[in-house]
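Next up is one chain by itself, shown in structure tokens, the form predicted alone.
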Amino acid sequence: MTAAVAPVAGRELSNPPSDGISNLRFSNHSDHLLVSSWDKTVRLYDASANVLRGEFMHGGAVLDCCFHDDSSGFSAGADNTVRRLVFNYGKEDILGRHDAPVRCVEYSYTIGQVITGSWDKTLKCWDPRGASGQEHTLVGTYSQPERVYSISLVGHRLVVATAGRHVNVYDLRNMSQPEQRRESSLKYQTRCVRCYPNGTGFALSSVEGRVAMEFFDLSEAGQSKKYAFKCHRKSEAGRDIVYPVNSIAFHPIYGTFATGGCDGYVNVWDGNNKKRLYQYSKYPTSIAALSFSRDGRLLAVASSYTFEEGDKPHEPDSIFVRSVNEVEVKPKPKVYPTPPA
């Protein structure tokens, strides 16, 4: 009898979205996976059981989603709305609105607020415990230098990446102005920003096959640690072909991170030792989003064409959930040469 071979890409989830996948996120409490899509839905899966647990229709494409807890979550829509989704009852309500599509949504466990970023060049904070109606839930509106493309939280820190390569760092306890105003150290448009789990800085990816590793500490010693590296590229006939890096996901245990690019590859990196640890076999199309489960045992991969080459025939949008082997994500100890006796 031959042993069952696990599919190389991971297990494909049934009932995937019917259009581009904008994001996917694992819960902090279980193996539930929340997925937002251009097909106007947010879907809730049990990733371990491969079961679709719920589906929420929106008024337009859904550009982002996040969990509140295992019974509810939030979504950001191209119809300018921020919605609260209650899974057990299959119901939703509108938490508030922006003046343009809402690109990003995060829930801060530290301050108990929902934070949204929009193409209307504002960031908004909402209190989901407020009475229904925008005037009861809106805590504050904060102008940004440009359209918001990506946001990330760690502890009291919030990092906001916008068009025009601006990066603002806030302390959630005092949102009146950014703690730091920066410019991306990458020359091209920012695609994704993600904070390090240890709270010391953030990784930023661009459309031009690069990732920058940044640190909050503004001292000379702190800033001397920052660097950038090339990735998601290939050489063909002496030419460098460069792909956007759409997604960054940190491993919750080891602090290593995965990147997903329009080349269909997922790479795993050890940022401290500046090494690539692993490259998974190529996926059918662009990697639109990545997420590790809370214990780092699973990696969800959205293989979904992101239209970087315009409208063309492409592979169907799909979600793969792969079991993560420790060797793929654990930093390798540095080997020092043995001094001569």
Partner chain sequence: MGKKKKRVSSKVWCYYCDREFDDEKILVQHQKAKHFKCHVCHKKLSTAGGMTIHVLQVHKETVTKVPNAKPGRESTDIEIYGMQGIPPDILAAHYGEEDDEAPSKVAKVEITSTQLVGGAVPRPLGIGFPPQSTLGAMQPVYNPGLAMPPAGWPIPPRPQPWFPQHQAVSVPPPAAVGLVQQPLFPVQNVPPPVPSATPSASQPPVQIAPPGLPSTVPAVPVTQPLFPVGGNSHIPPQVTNFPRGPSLSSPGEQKVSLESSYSVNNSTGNSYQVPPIQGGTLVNSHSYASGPNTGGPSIGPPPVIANKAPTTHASNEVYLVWDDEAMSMEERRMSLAKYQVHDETSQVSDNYLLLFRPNGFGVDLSRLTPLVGFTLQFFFKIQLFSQCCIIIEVLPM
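Numbering follows the first chain given and starts at 1. Predicted model, so just to flag it, every value in this text is computed and none were measured.
There is another form of the same protein, the form predicted together with the partner chain; it is not shown, and what comes next is about it.
Remark: Gln279 counts among the residues lining the partner chain in the predicted complex, judged by a heavy atom distance of 4.5 Å or less. Though the partner is left out of this view, Thr116 does not reach within 4.5 Å of the partner chain in the predicted complex, counting heavy atoms only.
The closest non-hydrogen atom of Pro284 lies beyond 4.5 Å of the partner chain in the predicted complex. Within 4.5 Å of some heavy atom of the partner chain in the predicted complex lies at least one heavy atom of Ser235.
At a distance of at most 4.5 angstroms from the partner chain in the predicted complex, none of the three residues His136, Ala161 and Glu326 contributes a non-hydrogen atom.
Comment: the partner chain is not present in this chain, but in the predicted complex one of Phe87, Phe216, Tyr265, Tyr254 has a heavy atom within 4.5 Å of it, namely Tyr265.
For the candidate set Asn168, Ser108, Thr122, Ser150, a heavy atom within 4.5 Å of the partner chain in the predicted complex is found for exactly one residue, namely Thr122.
Segments offered: 67 to 75, 169 to 177, 238 to 246, 197 to 205. Contacting the partner chain in the predicted complex at heavy atom distances within 4.5 Å is 238 to 246. Contacts with the partner chain in the predicted complex, taken as any heavy atom within 4.5 Å, map within 303 to 320 to Tyr305, Thr306, Phe307, Glu308, Glu309, Asp311.
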